[in-house]
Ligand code: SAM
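As a starting point, one isolated chain is supplied in structure tokens, in the form predicted on its own.
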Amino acid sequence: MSAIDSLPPLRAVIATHGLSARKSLGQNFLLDLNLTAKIARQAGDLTGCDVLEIGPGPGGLTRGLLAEGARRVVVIEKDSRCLPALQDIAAAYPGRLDILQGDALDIDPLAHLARPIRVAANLPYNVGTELLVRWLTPDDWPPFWQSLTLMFQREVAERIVARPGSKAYGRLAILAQWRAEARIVMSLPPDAFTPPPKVSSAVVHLTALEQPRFPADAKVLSRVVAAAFNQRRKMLRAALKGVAPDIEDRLLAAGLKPTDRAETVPLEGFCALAREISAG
């Protein structure tokens, strides 16, 4: 018997439903319900919130979110083998779990969610970064979500919270820190998972800001940052020469040196450059 509800332990659930993790789906199951409950608590007070979860698998985190008092949890699961296990959870928490089958990259869950909304997930490794970028770059801001509590490979987590001058600093850090407060709140070793991945994992908590930290046009900023870090070893005047014909003048107007490299430029500097480029 698990410690958080009346449902069976996850190992028993996996055995009952034959849920061996599939590498092709980026699956690594976290079977310790104490750990999944701890991750759920990192999402904050869930009472009165709807929670979106991607890739619940056998439902360990799902159970943690429900046990922590989430008003409703909406899960998107691609693997049809996991549906019976998730339906057992839905039966144990009547009216509080909605199950959507399909690819999270193709499904818009907003019709199934009511604000306030939080996102919590042990993201499948093969789609995690793409989903995060989508959530950070909507057409309108503030976004649909109040916070994101997401598990990634440790390397990805460090890229999200990286500071200028570090090897991990890049486009993901700029996108995350421009519009959100981002911090690593948990670390997990490979042996916490079944099967154990080759790398450690970490949970990142991002809280949406009402307004971006510095003014900039989102599309221009994204284009500038992508160009700068695509050739991060080059000086800015070379890496960004395709962005504007007079890029050296723009860099100087933004307070940046044309000989700087992208990894040394703070978020504020990229925003200033985006404004200069937007000004025509």
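Everything numeric here is computed off the predicted structure, so don't read it as measured data. Position 1 is the first residue in the sequence shown; the rest follow in order.
The form predicted in complex with the named molecule exists for this protein as well; it is not shown, and the discussion that follows is about that form.
> Can you check whether C49 is within 4.5 Å of the named molecule in the predicted bound form, heavy atom basis?
Judged by the heavy-atom cut-off of 4.5 Å, C49 is well away from the named molecule in the predicted bound form.
> Contact between I54 and the named molecule in the predicted bound form at 4.5 Å, heavy atoms?
Yes - in the predicted bound form, heavy atoms of I54 and the named molecule come within 4.5 Å of each other.
> Would you classify P124 as touching the named molecule in the predicted bound form, given a 4.5 Å non-hydrogen atom cut-off?
Yes, P124 is a contact residue.
> Find out whether any non-hydrogen atom of R159 is located within 4.5 angstroms of the named molecule in the predicted bound form, and reply yes or no.
R159: no contact with the named molecule in the predicted bound form.
> The named molecule isn't shown here, but in the predicted bound form, which of 198 to 206, 108 to 116, 71 to 79, 173 to 181 has heavy atoms within 4.5 Å of it?
It is 71 to 79 that comes within 4.5 Å of the partner.
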